[in-house]
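Only one chain is given next, in structure tokens, and it is the form predicted alone.
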């Protein structure tokens, strides 16, 4: 299975127009039968996205974040139970760099992963190094520290998760990581996880567009893409989907 994930972030998108643009640009192209497309709009648009909108393909729904708590006095938070009860959410992004920069720790992200798994929602766990860490040659050490608590938790089914490698210095910059960097990082990640004993999928995120997506997908063990800015345009997103 390949994955193409759209992260709309805090943007208000007219989903009906977006799907129309996606359909028109898809034309009669046949997408990869093994491709699953996940759309992650803001919370308020989740229930509405699939209503009265006809698409040429079946989209899966995803959330952009979730609370690490089940319920209680956590004003403004959305729980995994909310996501499963009031929407068609099957996936949820956790640990995105923008959340980590706001103070989320590895322990907090792990708590969110566990909450999602209790509701059979697949966590898409983001991680990646800063430019400073890369310059110091400490990328592998940093990636290991981010993944360690999740990968080594025997009570957590890692095969029920998806990983998304997104180097911080490439996000929103218009220039993705070069293929050598992506290959080196993904190769190291596969060693940590030992894909011979796991069915875990690894995505790449960071300035992905229709021009570079084909090359990125050619890297060994890259199972899909997490797309930010380029996912806001239905036409552009369709072009990326056709690269699979």
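Everything numeric here is computed off the predicted structure, so don't read it as measured data. Residue numbers count along the first chain shown, from 1.
Beyond the structure shown, there is the form predicted together with 2-phosphoglycolic acid (PGA), which is absent from this document and is the topic of what follows.
Screening 83, 94, 171, 150 for any heavy atom within 4.5 Å of 2-phosphoglycolic acid (PGA) in the predicted bound form leaves a single hit, 171.
Heavy atoms within 4.5 Å of 2-phosphoglycolic acid (PGA) in the predicted bound form are found in one stretch of 57 to 65, 186 to 194, 199 to 207, 29 to 37, which is 199 to 207. In the predicted bound form, 2-phosphoglycolic acid (PGA) stays beyond 4.5 Å of every heavy atom belonging to residue 129. In the predicted bound form, 2-phosphoglycolic acid (PGA) sits within 4.5 Å of a heavy atom belonging to residue 9.
Remark: residue 228 counts among the residues lining 2-phosphoglycolic acid (PGA) in the predicted bound form, judged by a heavy atom distance of 4.5 Å or less. In the predicted bound form, 2-phosphoglycolic acid (PGA) sits within 4.5 Å of a heavy atom belonging to residue 98.
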